[in-house]
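Here you get one chain, nothing else, as structure tokens; it is the form predicted on its own.
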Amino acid sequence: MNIIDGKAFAEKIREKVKSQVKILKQNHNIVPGLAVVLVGEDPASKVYVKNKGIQTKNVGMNSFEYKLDEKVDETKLLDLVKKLNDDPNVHGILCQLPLPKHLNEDMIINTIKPDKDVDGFHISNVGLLNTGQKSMVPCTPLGCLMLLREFVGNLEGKKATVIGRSNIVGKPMFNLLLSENCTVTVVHSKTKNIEEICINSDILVAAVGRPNFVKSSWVKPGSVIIDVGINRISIEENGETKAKLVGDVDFENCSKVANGITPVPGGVGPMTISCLLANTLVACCRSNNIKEPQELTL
């Protein structure tokens, strides 16, 4: 069993981004800019946005942060998105999800210009990805694919199963694996005989949002597991109740069967922000008709 170290690989990606940003500055006098919009006071979102800002600046990009009240009027948020669409210094825009319930998430996401949609959620980018065309690829699935390419190498002909069918991970992951010439199955809460499907898979990508959902009896010996789940559970330790982060995979037991597995934390999570930075760099290159770095895109 090999631990697939997402933290170390994410650092490599950030170094490549940093190097390319330096070249853009020197050769073209262009600095990529990422704008992040945070609505409300969700603690997890605030931490995530803070980390994005720090890492954006660390690779030499411009970071623009906009914090809006939880009760912000939808028109005001849409006006801000349109303003960022027209700002030549902003090459990537994302609205931190989830948004408060009174806001129409789809409308806001689809107001972002597709070429600045570095989250890859705009309906145009979804359609382009689904049809195998050049698009902005959602960061988490992109990170998963990069890890698989790094660890496995050529994915052609592999049997892959994606557990979960969300728009953010499951569906784009299906399309990315298909583009690598894998034979891909998607299973979900309504699927019968999930264990039977999973145990015949060379690659498992778990993105279902249920702690320790995937059991070792589901895992094909020698397969590779990418665990996208981040679940907070309570455990008893020395008479105290403590919070612990776990994935969608029973890591302790599945790691004894698989050839490679991502840990939680330290697996897919660090890749997401690194891929966001890579997407922002790619968006900047495309908007300025500059050849994009091949090692940071598909």
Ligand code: GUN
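The first residue of the shown sequence is 1; numbering continues from there. Not measured: the values here are computed from a predicted model.
Unshown form predicted in complex with the named molecule; subsequent notes refer to it.
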Quiz item: Using heavy atoms and a 4.5 Å limit, would one call residue 178 a contact residue for the named molecule in the model of the complex?
Solution: no
Self-check item: Contact of residue 218 with the named molecule in the model of the complex (heavy atom, 4.5 Å)
Solution: no
Quiz item: With the cut-off set at 4.5 Å between non-hydrogen atoms, does residue 96 touch the named molecule in the model of the complex?
Solution: yes
Practice problem: Using a 4.5 Å heavy atom cut-off, state whether residue 194 contacts the named molecule in the model of the complex. | Solution: no
Practice problem: With the named molecule left out here, work out from 71-79, 117-125, 179-187, 221-229 which stretch has heavy atoms within 4.5 Å of it in the model of the complex. | Solution: 117-125
Quiz item: in the model of the complex, which of the listed residues (129, 168, 108, 155) lies with a heavy atom within 4.5 Å of the named molecule?
Solution: 168
